[in-house]
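Below sits a lone chain in structure tokens, taken as the form predicted on its own.
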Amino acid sequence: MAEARIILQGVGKRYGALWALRHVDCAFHAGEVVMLIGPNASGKTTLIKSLLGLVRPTEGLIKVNDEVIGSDPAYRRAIGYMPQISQFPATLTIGQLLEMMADIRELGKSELEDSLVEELGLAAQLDKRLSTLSGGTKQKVSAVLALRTRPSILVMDEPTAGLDPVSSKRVLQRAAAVRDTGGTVLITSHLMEEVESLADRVAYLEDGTLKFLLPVQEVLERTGAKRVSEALPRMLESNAMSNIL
């Protein structure tokens, strides 16, 4: 089996009396794309924030590249993150933001992958202030930031939201390239049809509990469906899940 890049052991997160995550045990491996799905308030965002160190689990532990994550954020250098909604400094231009983030990570130009800037049509917009950008253009900037450091782990939260079809395709192709070079990719999306052909496994969260983590092909075979979007309701409505965990 491929190396486990991310391991969650008994991870739970409680906000007051509410458990956003409940005893999550799983591993995500090198060379795979995992589609993380579930209804609103299922725990997806909390899982991602826990992985990124933005929140600390109430119980359990998370390992990234065999290192238990704690207060030292150094492990995040291996992670590229594309949030659903990016908050950029309004007074900076696109070019200034790219330079600032490279400086923060102490990366020289030869260590960066900037071809996506051209592919997404941002090369002619580097002098534009971030406060003037449309939502779709901000998404493109977010994609560039997530991918330009050549991450071994890529986390994408609704990556195609607001993107035109061509840009969506190019961003997902880059995610596939991370996987194909031995990286680990986690993608959350409500648009399952867009990303299911890219995914190797699908993880389903509900009420903070990981209900299943299975190869996409197995999910389809268990339900007789042709698409994950069709298979999921069948999994939930039948007894197909009773023998999963």
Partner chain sequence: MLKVFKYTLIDLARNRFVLGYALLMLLVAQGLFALEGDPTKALLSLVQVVMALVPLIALVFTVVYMYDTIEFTQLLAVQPMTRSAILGGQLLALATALLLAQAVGLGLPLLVHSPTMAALVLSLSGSVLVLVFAALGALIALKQREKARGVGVALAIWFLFVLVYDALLMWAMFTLSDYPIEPFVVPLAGINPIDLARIMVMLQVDLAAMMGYSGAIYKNFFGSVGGTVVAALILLLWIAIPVLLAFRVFKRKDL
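Positions refer to the first chain, counted from 1. Keep in mind the model is a prediction, meaning the values are calculated, not measured.
Unshown form predicted in complex with the partner chain; subsequent notes refer to it.
> Check each of 150, 170, 129, 138 and return the one that places a heavy atom within 4.5 angstroms of the partner chain in the predicted bound form.
The residue in contact is 129.
> Only one of 133, 145, 154, 117 gets a heavy atom within 4.5 Å of the partner chain in the predicted bound form. Which one?
Checking each option against the partner chain in the predicted bound form, the one that comes within 4.5 Å is 145.
> Tell me which stretch of 158-166, 117-125, 171-179, 96-104 has a heavy atom within 4.5 angstroms of the partner chain in the predicted bound form.
The contacting stretch here is 96-104.
> Considering non-hydrogen atoms and a 4.5 Å limit, does the partner chain approach residue 30 in the predicted bound form?
Although the partner chain is absent here, residue 30 would stay clear of it in the predicted bound form, with no heavy atoms inside 4.5 Å.
> Does any heavy atom of residue 60 come within 4.5 Å of a heavy atom of the partner chain in the predicted bound form?
Result no; residue 60 lies far from the partner chain in the predicted bound form.
> Heavy atom to heavy atom, is residue 190 within 4.5 Å of the partner chain in the predicted bound form?
No.
> Given that the partner is absent here, does residue 55 sit within 4.5 Å of the partner chain in the predicted bound form, heavy atoms only?
Residue-level check for residue 55: yes, a contact with the partner chain.
> Would you give me the residues of 11-37 that have any heavy atom within 4.5 Å of the partner chain in the predicted bound form, in order from first to last?
Residues within 4.5 Å: 13, 15.
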